[in-house]
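To begin, one chain is listed below as structure tokens, in the form predicted alone.
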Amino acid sequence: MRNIKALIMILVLGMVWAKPSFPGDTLTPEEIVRACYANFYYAGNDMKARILMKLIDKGGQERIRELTMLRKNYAEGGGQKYFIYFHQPSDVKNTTFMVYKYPDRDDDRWLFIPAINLVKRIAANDKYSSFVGSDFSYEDVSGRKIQEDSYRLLKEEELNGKSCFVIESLPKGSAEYTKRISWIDKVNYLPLREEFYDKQNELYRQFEAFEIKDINGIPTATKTVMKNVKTGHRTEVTFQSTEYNLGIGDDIFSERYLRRRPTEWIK
């Protein structure tokens, strides 16, 4: 039953979740990536998660961020909305971040800075900037559009005992990277590792998923790390609690709640 429910949700979004029947029983590289995006960014109809984020420098010094993320999917074209509220530390407490994700144009992003009571619109070109000082970019939070890259299956190999597709993604236009290599689990289609290469074709960032749990029948990456391999700085993200299909309302994703958190969802 849980696989049927997940399949229906992904089909509504026009994405491939379960492995379909193809000649030779194979998926195209783009179909593999679509399945990966569907399971990583679109799981459930909506989601609420309490997240612990650790920013760790080369010397081991830590800075902590605690936040709540709300996400809602929209069937038509795969649009989404995100709302993120920061609980601590004091320098980011009450900061909120919101994303309207569109399938066919640049996403809208807003950041509310409580210290100056300002809602800041984040320009499209700033999507590659650091998300609140972490090693994740604004684009990493809600995901890159699939049609912005071209894809090639490099090989199939095991990573930490799990059989994976290894996919190369090359930007068709502007991007933070010139090449991205992804290890995608053949069973649950979640990304287990991603490597980002710069204009010198040198590895500069690496993402890894260290823990995946089954939450209400949905495979969920609950512990991930993004590392800047050139500076040694890394960001560890732990999903302390995750809930799906809660019936989050549209009104949550508004400027009103950027300035005043929706207490029924965020305590």
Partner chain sequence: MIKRIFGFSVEHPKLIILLTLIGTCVFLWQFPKIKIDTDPKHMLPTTSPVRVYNDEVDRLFSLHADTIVLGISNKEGIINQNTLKKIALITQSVLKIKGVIAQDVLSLSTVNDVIVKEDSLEVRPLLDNIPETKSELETMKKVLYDNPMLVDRFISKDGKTTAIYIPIEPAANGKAIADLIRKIVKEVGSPEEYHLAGDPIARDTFGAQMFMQMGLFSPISGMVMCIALFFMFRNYTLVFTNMAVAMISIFWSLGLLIGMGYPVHIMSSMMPVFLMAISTDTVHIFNEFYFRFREVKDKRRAVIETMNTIAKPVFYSDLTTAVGFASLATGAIVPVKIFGLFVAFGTFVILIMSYTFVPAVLMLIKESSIQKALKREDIKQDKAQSTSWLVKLGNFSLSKRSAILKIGLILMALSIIGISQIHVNNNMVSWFKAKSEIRRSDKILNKELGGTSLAYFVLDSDKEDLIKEPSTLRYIEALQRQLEENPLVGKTTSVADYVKHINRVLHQNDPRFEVIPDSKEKIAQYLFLMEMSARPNDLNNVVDYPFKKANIWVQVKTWDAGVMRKLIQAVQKYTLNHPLPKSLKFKPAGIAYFNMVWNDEVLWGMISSFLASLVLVLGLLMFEYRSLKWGIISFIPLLATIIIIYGMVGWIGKDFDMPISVLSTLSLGMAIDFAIHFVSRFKQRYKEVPNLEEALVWTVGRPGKGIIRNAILFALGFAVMMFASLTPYITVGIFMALIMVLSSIATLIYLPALIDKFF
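What you see is a predicted model; the values in this text were computed from it and never measured. Whichever C-alpha set is largest while still superposing within 1.5 Å between the two forms counts as the rigid core. Positions refer to the first chain, counted from 1.
The next section is about a form of this same protein that is not shown, the form predicted together with its partner chain.
* Among 158-166, 144-152, 182-190, 124-132, which stretch sits within 4.5 Å of its partner chain in the predicted complex, heavy atoms only? -> The contacting stretch here is 124-132.
* **Contact residue in the predicted complex, chosen from 227, 50, 223, 63 - any heavy atom within 4.5 Å of its partner chain** => It is 63.
* 240, 26, 231, 216: which sits within 4.5 Å of its partner chain in the predicted complex by any heavy atom? -> Selected option: 231.
* Heavy atom to heavy atom, is residue 115 within 4.5 Å of its partner chain in the predicted complex? -> Contact check for residue 115: yes, within 4.5 Å of its partner chain in the predicted complex.
* Exercise: residue 138 in contact with its partner chain in the predicted complex, heavy atom 4.5 Å -> Close contact exists here: in the predicted complex, residue 138 approaches its partner chain to within 4.5 Å, heavy atoms only.
* Wondering, does residue 172 line up within 4.5 Å of its partner chain in the predicted complex on heavy atoms? -> The answer is no: residue 172 has no heavy atom within 4.5 Å of its partner chain.
* Asked: With the cut-off set at 4.5 Å between non-hydrogen atoms, does residue 196 touch its partner chain in the predicted complex?
  -> It does not: once its partner chain is placed as it appears in the predicted complex, residue 196 has no heavy atom within 4.5 Å of it.
* **Contact set, 164-203 vs its partner chain in the predicted complex - heavy atom within 4.5 angstroms** => Result: 199, 200, 202.
* To do: Verify the C-alpha shift of residue 135 between this form and the one not shown: is it 2 Å or more after superposing the core?
  => The answer is no; the displacement is under 2 Å.
* Asked: Superposing on the rigid core, does the Cα of residue 144 end up 2 Å or more away between this form and the one not shown?
  -> Not so; residue 144 is displaced by less than 2 Å.
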